[in-house]
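This document starts with one chain, in the form predicted alone, laid out as C-alpha cells.
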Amino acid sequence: MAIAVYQGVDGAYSQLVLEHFLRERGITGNTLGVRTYRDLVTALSSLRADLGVIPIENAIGGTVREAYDLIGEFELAPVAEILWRTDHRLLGVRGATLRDVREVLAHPLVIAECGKFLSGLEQARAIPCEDTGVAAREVARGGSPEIAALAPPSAAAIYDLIELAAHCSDHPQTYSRFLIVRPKHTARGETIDFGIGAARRKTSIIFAVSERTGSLAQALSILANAGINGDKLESKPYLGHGTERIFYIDFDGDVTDPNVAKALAQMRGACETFTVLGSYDAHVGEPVGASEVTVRPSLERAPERLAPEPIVPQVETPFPRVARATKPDGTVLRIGNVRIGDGEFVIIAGPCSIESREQILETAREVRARGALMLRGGAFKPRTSPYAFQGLGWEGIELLAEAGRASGLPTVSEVMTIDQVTRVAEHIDVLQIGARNMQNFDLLKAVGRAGRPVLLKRGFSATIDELLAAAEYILSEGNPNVMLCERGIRTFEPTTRNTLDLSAVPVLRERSHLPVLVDPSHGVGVRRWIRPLCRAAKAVGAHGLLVEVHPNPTEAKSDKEQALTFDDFSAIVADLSQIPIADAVLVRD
C-alpha cells in the first residue's frame, strides 16, 4: 500500500489531487499531510513516502518556483501532471450568514483568484494561511460566525461547515497545475506500478545562460531546430550573478526520445547551469474538477509508515546512501546561487565567532569582495573551557542572517543541540555539525529532517568510515544535501593544533558521492601555515575550503592564532586561482 504525501491538512486541494491520481491509476494507498513543501520532499527522499504532489503553476498566480527548485534539489522523479479545476466555496460554521463574515481565511493564491468576490464583502478582510484545508479547519475550531474560509466543497463535509457562497473564483475556468513526484532512488524490489507511459509526455528543465546578447536565443533555438514544442518559459533572477536569470522550461517530449536527448546535450553545452527535472505523463483534456472526489479524513493514518525504509545496498557497505556507487556522477549541492561539487572551487569564509554586528557585516563585505562564495560564523561555540567565549547565541544567528542578506552570501553556522535545529534552519542556509558532535546521532537525525543542507565535520579521532556512517544517518532521514569536511585529526604531533589529513580527500571522493571540503584553519591552528595547505587542498581534489577570517585577529574572542586577516585571505584566493581543479577521482567501488 502506497503512502502519498501532500502539503497541508485534510481538505487541501493537494489531497484531492492525490486521491484522484491514486484512484485513476488503480493504486491502493493513503494520503498524509505534512507541514511544508520541504517536509514533503524530505519524506520522499528518505523513502518514508512513496509519492507526493506539489503545485507548480496557477492560472492566475503563475509559477510556484519553490516547487521546481525543490524537485531539482532533492532529485525527485516527476510521474505525471494534473490540471485541477479549483472550485472555491465560502465556508462558515452552522448558523452563520454571509452578512456575518468579517474575516476570510484562504491560501494567498486563492485570495488572488477570488479578488472580485472578496471586494464585494465590504465588511470582511482576507487573511492568508498555509492552505485551504487549514483555512477550513481553523474556521471549525474557532466556531465564530464572523470567520469563514475559501476552500473546496469537500472541506465542508470534513469539518462540518456550511456553504455561504458558491463558485467564488473570478473566472469559472480557474485551475492549478500539480506534479505527482516520487523518489528517484528507491529500494530494490519496489512493487508499486505508477502506470507511467501516457500517449503524451512532457519534460521540465531549469537552466541559466551567460549574460551576453543572444545567449538565451541560442539555447532556445536548439529546441526549435530539433522540432521540439515549448509548453512554458518563465524566469527569475539568478541571485549573486548580476542581472542574469534562471529559466524554467516545459516542453513536449521525453528524455529518451533521440531528438530530445540530442537537443538536451547541445543545450547543456550552451548553458552556464543546466538541470533536467525529468519527463512525465502530460495532462490530456480539460482540467478535472474537485467535485468528483470524496475525501476521507486521513491525517492520523498509518504514522508508523513514516519511519525511514531501508535501502537494499547495491554493494556491500554499511552506508549505501553515501556510497559512490549510489550516484557515480557525484552529488551537486545547490545553496542559493552556489553549486558545490559542480566544478567550481567554493570558498566559505568568516569569523570563528560572531562578536558584533559591525564585525560580521564588515567581514561579510570584505570576504565577498575578495572571492568568498559563502559566509560562515559561529553563534553557539563549544569551547573546551567553560570560561572561554561561548558565542552570542540567538543574537549571533540573527546577525549572521542579516550579514548574509546584506552581502548576498549564503550562510553557514553550527547547531549543537536538537532544540536549536528548527529555529536555526529558519534563518541560516547551511547547518554545520562540528567535530565534537559528529557522532551525536540524535542531532544527526534532527538535521536530516530539517531539510537544510548540512556541513558535516570529521571528528577529532574519527576514522573515514565513521565519518561516512555519520553522513548516512543524515541521508537516511531524507536529506541528500550533505557535504563532508576534513578539519584535522588528533595525533601524537604537538606542533600543529591537529594533523590535517589531506589523504582523506581522494579517499572520500572515491568512496562517496558527497562533496568534500577542507578546513585548514582548524587543521593546523597557526595562521602562517594555512596558506600552503589551502593550495594543497585544492590540488588533492577538494571541492572547496572553510577558512576563518577576522577584521583584527589579535582581538578575536576565539581562535585568534588561526584567524586570517583580509589581506591574508586575498593572497590565498590569488594562489588558488593559479591551481586547476583536480581531475575526477577514479572510482573503484
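Note that the structure is predicted; figures quoted are calculated from it, not measured. Note that residue numbering begins at 1 and tracks the sequence as displayed.
The same protein has a further form, the form predicted in complex with a small molecule, not shown here; the description that follows concerns it.
- Proximity to the small molecule in the model of the complex, taken as heavy atoms within 4.5 Å, picks out 434-442 from the listed stretches 281-289, 434-442, 361-369, 220-228.
- A heavy atom within 4.5 Å of the small molecule in the model of the complex is found for one listed residue only; from Glu355, Glu414, Glu113, Asp131, this is Glu414.
- Contact with the small molecule in the model of the complex, defined as a heavy atom within 4.5 Å, holds for exactly one of Arg334, Lys381, His427, Arg268, namely Lys381.
- At the 4.5 Å threshold, heavy atoms of His550 stay clear of the small molecule in the model of the complex, well away from it.
- The small molecule is not drawn, but in the model of the complex it has no heavy atom within 4.5 Å of His107.
- The small molecule in the model of the complex comes within 4.5 Å of a heavy atom belonging to His522.
- Remark: Arg487 counts among the residues lining the small molecule in the model of the complex, judged by a heavy atom distance of 4.5 Å or less.
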